[in-house]
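A single chain comes next, written as structure tokens; it is the form predicted alone.
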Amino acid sequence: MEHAFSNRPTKAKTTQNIAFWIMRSMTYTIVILATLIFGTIFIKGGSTVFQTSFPFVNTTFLFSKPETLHVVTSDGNKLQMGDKEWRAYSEKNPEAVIEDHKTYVYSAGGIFPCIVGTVLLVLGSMTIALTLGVMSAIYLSEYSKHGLFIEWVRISIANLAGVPSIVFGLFGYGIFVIFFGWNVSLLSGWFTLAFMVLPVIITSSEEAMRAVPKGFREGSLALGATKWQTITGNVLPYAIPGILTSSVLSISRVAGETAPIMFTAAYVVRDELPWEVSKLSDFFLQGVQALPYHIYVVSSKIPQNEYTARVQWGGAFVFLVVVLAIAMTSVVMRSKMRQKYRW
């Protein structure tokens, strides 16, 4: 016979158990799917980036420019050569018998200009976004007075976070490329991407500042510090970990966007690297190649074959590593700031 306090099945407990297992299975399903996706990229992309012989890394793929692949059957031998190598071979062997010759665009060389362009776009846009975003958050958190207008501003900022990236791309194209006359350039891409992530940075930074206890402000003001000294010495340092958290999320979005840079910053092919310019001003007013746009072009705008697949997976692998490296830098900085400023 059961005692009065025995664990008896009830409708509420049954519902709770069902909900628990549904949520648990959904969580594990997401983890499994994410593992499959990233595992596939790392396995297939790793085979392009790494090799079995010394130096164990495909330096040609990582440190050279994209080229057209020439698949040639010459004197009974099947050869695979990049555009430069093919020209040198043709000049050296003018009498070679070419039995078959096929070309595959963007299937030889490497992705070095795309890596450089992606890093420049992320660093430049995040510098602008963090500067403008933190300044706006300081005003909203520390200087603005509660009222209908400020609440309307906050709602507008929150709504901007849901605007599709293609809209920001068209906005950047109309304002920066055409109206300001910056053309397709790093500067246009920086400001377009910065404006795209500003809502997240402003909201997160403001919340991080509001989380700092009021006693920090009151103690500083009571000792004779000015409002600005209080903000820079007693509020911002303790809010930086929260601000860096928003930057980690923003880095992933900025680096992975294709639509905005398609209109404002990215070229399919560019002969010069960003620093190969005659004047400093040309550095900011030039377009660049970028990994997400390069992957998009190679995956959808040219005929697919076994050679382009290698470039696609390799580009995706390097892209994930680049984004991870930049994001981990912010994570490490956040961890150090948390240890330094504890309260």
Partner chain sequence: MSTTLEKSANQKKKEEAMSINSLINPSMESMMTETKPKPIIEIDNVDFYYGATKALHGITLNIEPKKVTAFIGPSGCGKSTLLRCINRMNDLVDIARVGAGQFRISGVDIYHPSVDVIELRKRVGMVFQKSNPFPKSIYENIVYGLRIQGINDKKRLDEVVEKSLRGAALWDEVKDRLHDSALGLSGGQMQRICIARAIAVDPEIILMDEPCSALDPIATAKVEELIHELKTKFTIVIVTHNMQQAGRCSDTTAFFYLGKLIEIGNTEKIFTNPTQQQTEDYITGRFG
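What you see is a predicted model, and the numbers here were worked out from it, not measured in a lab. Positions refer to the first chain, counted from 1.
Note that the form predicted in complex with the partner chain isn't included here; everything after this is about it.
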Notebook entry, point to check: in the predicted bound form, which of the stretches 81-89, 114-122, 262-270, 217-225 has residues with heavy atoms within 4.5 Å of the partner chain?
Noted result: 217-225
Next item on the list: Name the residue from N234, T203, S185, S136 that puts a heavy atom within 4.5 Å of the partner chain in the predicted bound form.
Entry: N234
Next item on the list: Identify which of F168, Y104, F191, Y238 has a heavy atom within 4.5 Å of the partner chain in the predicted bound form; exactly one of them does.
Entry: Y238
Notebook entry, point to check: Does the partner chain get within 4.5 angstroms of any non-hydrogen atom of Q229 in the predicted bound form?
Noted result: yes
